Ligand SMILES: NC(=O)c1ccc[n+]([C@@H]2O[C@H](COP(=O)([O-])OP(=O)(O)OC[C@H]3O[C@@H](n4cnc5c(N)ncnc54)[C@H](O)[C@@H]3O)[C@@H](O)[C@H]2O)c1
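Presented as C-alpha cells, the chain that follows is alone, the form predicted alone.
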C-alpha cells in the first residue's frame, strides 16, 4: 500500500514528523522521548498560554524539570502550537487528551471528540492517528472513526487509525515513557505496521489483534489495581477491629515468591486514572446488558476510605486533646478534609 510504504520510508530515512495533541503529563514526556531519537515533534494544545510556556522552555509540571523542556526547544526538534493547521505537517498524530467522568459517572469523551473534529477540519491523506487516552472498548471505531471520516477521508484507506494507551506513572523515578512497553492494536495490517514502526522508535512494542483488544487491555491493568486496593482497604478495616496490624500481615505475606502481590491500604485511590477508568468498562458493560459487580463493590470501599480516615483521625486526636477549643479546631480540619477527598 502506498500510504504504508511512504510512511515507513520516512521513518527509515529519519524524515518523519510526529504530532502530539495534548501537552500534559502524558503528551510532554512522549514528545521528549521522540526528540531524544532525533525525531521532529509538533506539539499541539488548545491553550495558548500552555503553548507559550513550553516554547519558552518551561515545563509547568513539578515532576518534569524545566531544563528538560528547554533542551527540547533548543534542539530545534520540538515546537508547540495552538494552530491546528500545523498538524498537517505531521505524519503521525498521537492524541493524549483527558477522558474524565461526568457528574453521573458516565464517560466524558468530549475532549476526544473535539480533537477528532479539529483533525477532520484540517485533513491530510496518509496520516497515522492514534489515541493514547484510556477509554472503553470500541471508542476508536465507534466514536473516533465516524468523526474523522467527515473529512471525506476513509480510515484504513486514506489514513490509519490504531490505538495504543499511555502507561505513564508521573513522578515515578523508576519508569519513564521509553522504558514501559507499549501495547498496540489496529484494525488492519497497514495500520498495525505503521503504528509499530513509529512506536518502535522510542520503546518496546507489544502487538495485539485489534483496537478494542488494546482498549480492553488498559482497562484491565487499572481495574486490577482498583479492585486490589479496595480489597486491602477492606482487610485494614477488618483487621483493625481484631487488633491485627495490617502492615505486618502484608510484609509477611509478600515473602511468598508466587501468587501474591503487595497492595497497601490508604485514603482510597488517587492519581489521574485509577479512580476513573473502571467506570468506563462499567458503562460499556451496561450497553451489553451486563453488570460489573466487582468494580462497583470496589468503588464503594475506595470512595468511603477518605471519610473513614478522617473519622479515625478525629477519634485519635480527641483522645489526646481534651480541650473544647482544640476539639473544635480538629473538627473543622476533619470537615475540610472530608470535603477535599469526598
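The structure displayed is predicted, hence computed values, not measured ones. Positions refer to the first chain, counted from 1.
Note that the form predicted in complex with the ligand isn't included here; everything after this is about it.
For the three marked residues, 134, 168 and 218, a heavy atom of each sits within 4.5 Å of the ligand in the predicted complex. Stretch-level contact analysis of 43-51, 285-293, 305-313, 64-72 against the ligand in the predicted complex, using heavy atoms and a 4.5 Å limit, identifies 43-51. A heavy atom within 4.5 Å of the ligand in the predicted complex is found for exactly one of 196, 272, 124, 79: 272. Checked against the ligand in the predicted complex, the candidates 144, 97, 130, 230 yield a single residue with a heavy atom inside 4.5 Å, and that residue is 97.
Using a 4.5 Å cutoff between non-hydrogen atoms, residue 26 counts as a contact of the ligand in the predicted complex.
Using a 4.5 angstroms threshold between heavy atoms, residue 114 counts as touching the ligand in the predicted complex. A residue is said to contact a partner when one of its heavy atoms sits within 4.5 Å of a partner heavy atom; residue 18 fails this definition for the ligand in the predicted complex, lying far away.
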